[in-house]
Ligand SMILES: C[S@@+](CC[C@H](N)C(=O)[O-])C[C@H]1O[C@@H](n2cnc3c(N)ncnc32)[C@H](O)[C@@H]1O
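What follows is one chain in structure tokens, specifically the form predicted on its own.
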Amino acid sequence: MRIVDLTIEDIAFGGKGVARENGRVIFIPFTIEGEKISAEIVREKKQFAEAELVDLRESSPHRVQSECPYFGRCGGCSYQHIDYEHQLAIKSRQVRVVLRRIGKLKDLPMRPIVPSPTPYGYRNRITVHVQDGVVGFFRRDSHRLIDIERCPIAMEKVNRALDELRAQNVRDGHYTLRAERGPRVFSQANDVVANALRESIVKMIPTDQELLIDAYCGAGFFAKALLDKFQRVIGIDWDRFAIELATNNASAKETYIAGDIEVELRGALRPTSGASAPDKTTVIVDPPASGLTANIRKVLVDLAPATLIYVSCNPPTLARDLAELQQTFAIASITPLDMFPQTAEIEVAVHLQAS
């Protein structure tokens, strides 16, 4: 493999530095824009190449020493070599760039990114893998495990659970370690930023609303914080265990449905006798990384509620979806949130209004 001298121009979504050689893009992990480096080309494609850092000839003032001895080998974190303030700047810029490039969106009403008060020790759960006595995470770009004694981005209670697991002779498999015991349903891994997200959504809701439809509602994390703003709340999720948990302590105004999101969302929004008017209806969608399906996008465009709040864990699919939703909705605000410091993951909350 050949060695090339490069200048890092940007950080791509996903965390790798971007450089160019004779016009062709080269991606190099663990670099920062402005740095001058030597790198070894490890994979060559028609449109781009991938390389590994060999020598840091001129470093960025934003470069810091990682707090994790496994950083660079473990596949979990991408940004521990970057100071936290600059991580936030990178992520905010990436959201803006992705929405413009993929979604063709202009005049973006971006709000400042919401930081995590604790850049380390914030995760309330981790999933480790056990194989042939090795307990840990997958190595970067590999299906081989790296043995992990402690994860610096996990809460101390989680690391104590890791100690306990390592002390046992457990079978090969996957183990989710949590800071608190509780139901095994989806929840955000950063409690403080998740609460900030919920509080920001509360502020987005207009007055005099009648109906909230919380699609992908899980156990009702958003819905139950919004009860006093609506006359009726409908939560929809495919996970029947989450729906059962939401129903256990539901008030008379709450209805939770385990079923197909598209079918139930269409039914909840379809005009019927006695139904809430669209201008009195709010919909929250919090889909998986794949984003909204084409059919769900069509339901929202055709039966547009007055307010739509889209919570995304994947800006590229968010950008694709917003491009179509703009047929009916105007974007009131876009708020990035750093739910996962030290990683390349970005959470985004978008407030849309029927136009």
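Here the structure is a predicted model, which is why all the values come from computation and not from measurement. Sequential numbering from 1, following the sequence displayed.
The following text describes the form predicted together with this ligand, which does not appear among the structures shown.
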Among Y120, F230, F71, Y216, just one has a heavy atom within 4.5 Å of this ligand in the predicted complex, namely Y216
According to a 4.5 angstroms non-hydrogen atom cut-off, is D239 in contact with this ligand in the predicted complex? yes
Closest heavy atom of Q188 to this ligand in the predicted complex, within 4.5 Å or not? yes
Report yes if any heavy atom of P29 sits within 4.5 Å of a heavy atom of this ligand in the predicted complex; otherwise report no. no
Although the partner isn't part of this model, could you tell me whether D321 comes within 4.5 Å of this ligand in the predicted complex, counting any heavy atom of the residue? no
Region of this chain that lies against this ligand in the predicted complex, out of 90 to 98, 105 to 113, 253 to 261, 146 to 154 [heavy atom, 4.5 Å]: 253 to 261
Only counting heavy atoms and a 4.5 Å limit, does any residue of 123 to 140 reach this ligand in the predicted complex, and if so which ones? none
